[in-house]
Ligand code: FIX
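Here you get one chain, nothing else, as structure tokens; it is the form predicted alone.
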């Protein structure tokens, strides 16, 4: 059948599934790191099992107290999670099933009683080559990192120079600047940027200069910040001043978007550390004000609350400088991904970015992108089926164009990356 021939309704899902499998996606938001950044990158079975999603589940099934768990070594923690969630109980949750899928696709036995085989497998891997294997299994060509430029463990890694792995793109994470500026002003001052903890004096121009210098060094595709559910703009506070006078001007200087990830409630249960964060409903008039007041800036937006998703679509229809992306964190479950993506498709057509992995551990991209393709295939097929029933032909070329746009082109165009022929 020609790529230009109409697809029958009966063949739609097969065609969509084939195109999704053949299209290499760009993972637009992860917490992965290029090999050049050393031990910051997390991978392997112990890291996969001690991910904070699984730690939260552990404490639901096992009477082990958090303080006893934190006193264990990483391998001991992985062993207790494996025994509790995979041996003594069926791994039915999304996070557990993801480990099963990743192990299976890597040729490991997810039914094993111990982790001995898995640990031997990972000890034998050469990281740069292994990354290529994982990306191929995940069906992605590249990933965007999260680079905290005030992290004392990360910032020095960038001064080493040398070639950069082209599979990884930088993104400057500004949480310490926008959310905790007073606490981190001394770190900026120590690097030769004359800032004051109060934000006074030349602080705004110096922060703008600092960001400009990091843009030259890291060549990021966007800047980013994670914001709590109470975030609002504008207020008479330091964060508003930083947005208005430093961060958004720096984004314009560089010609890159600002990514806003809104809705986290930090440490509702601090005893379980990273697993202790929750979500809340945000006031999206903050987005309205930012998109309206800064029409020359572009905003990538992901929201943590399910309740905010429809309103986000409404605002995206009003502001072309806003790009909704992904189903973040607690929303990255197939039932919610399907609901949110269908709503976006109905309201925005293919003018959004359906998903990102948010992967913190390398192997997570395998199951997260497998799930995305599995969820997207019937959803897209049904969208095209309705279009055919309403009188419009759909061809394989149409499907290829739309899938490439959703999972590559929209991002490349919005952030100003040069489109690549990655098929």
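In this text, all values refer to a predicted model and were calculated from it rather than measured experimentally. Residue numbers count along the first chain shown, from 1.
Here the subject shifts to the form predicted together with this ligand, a form of this protein not shown in this document.
Undergrad: Among 56-64, 23-31, 386-394, 40-48, mark the stretch whose residues have heavy atoms within 4.5 Å of this ligand in the predicted complex.
TA: Correct option: 23-31.
Undergrad: Verify the contact flag for residue 328: yes if a non-hydrogen atom of it lies within 4.5 Å of a non-hydrogen atom of this ligand in the predicted complex, no if not.
TA: Within the cut-off, so yes.
Undergrad: Residue 173: heavy atom within 4.5 Å of this ligand in the predicted complex?
TA: Although this ligand is absent here, residue 173 would touch it in the predicted complex, with heavy atoms inside 4.5 Å.
Undergrad: Taking heavy atoms only, is residue 370 within 4.5 angstroms of this ligand in the predicted complex?
TA: Contact check for residue 370: no, nothing within 4.5 Å of this ligand in the predicted complex.
Undergrad: For residue 279, is any heavy atom within 4.5 Å of this ligand in the predicted complex, or not?
TA: The answer is no: residue 279 has no heavy atom within 4.5 Å of this ligand.
Undergrad: Quick check on this chain: which one of 261, 140, 177, 322 has a heavy atom within 4.5 Å of this ligand in the predicted complex?
TA: Selected residue: 261.
Undergrad: Using heavy atoms only and a 4.5 Å cut-off, determine which of 226, 308, 341, 102 is in contact with this ligand in the predicted complex.
TA: Only one option qualifies, and that one is 226.
Undergrad: Pull the contact list for 345-371: residues with a heavy atom within 4.5 Å of this ligand in the predicted complex, in sequence order.
TA: Result: 358, 360.
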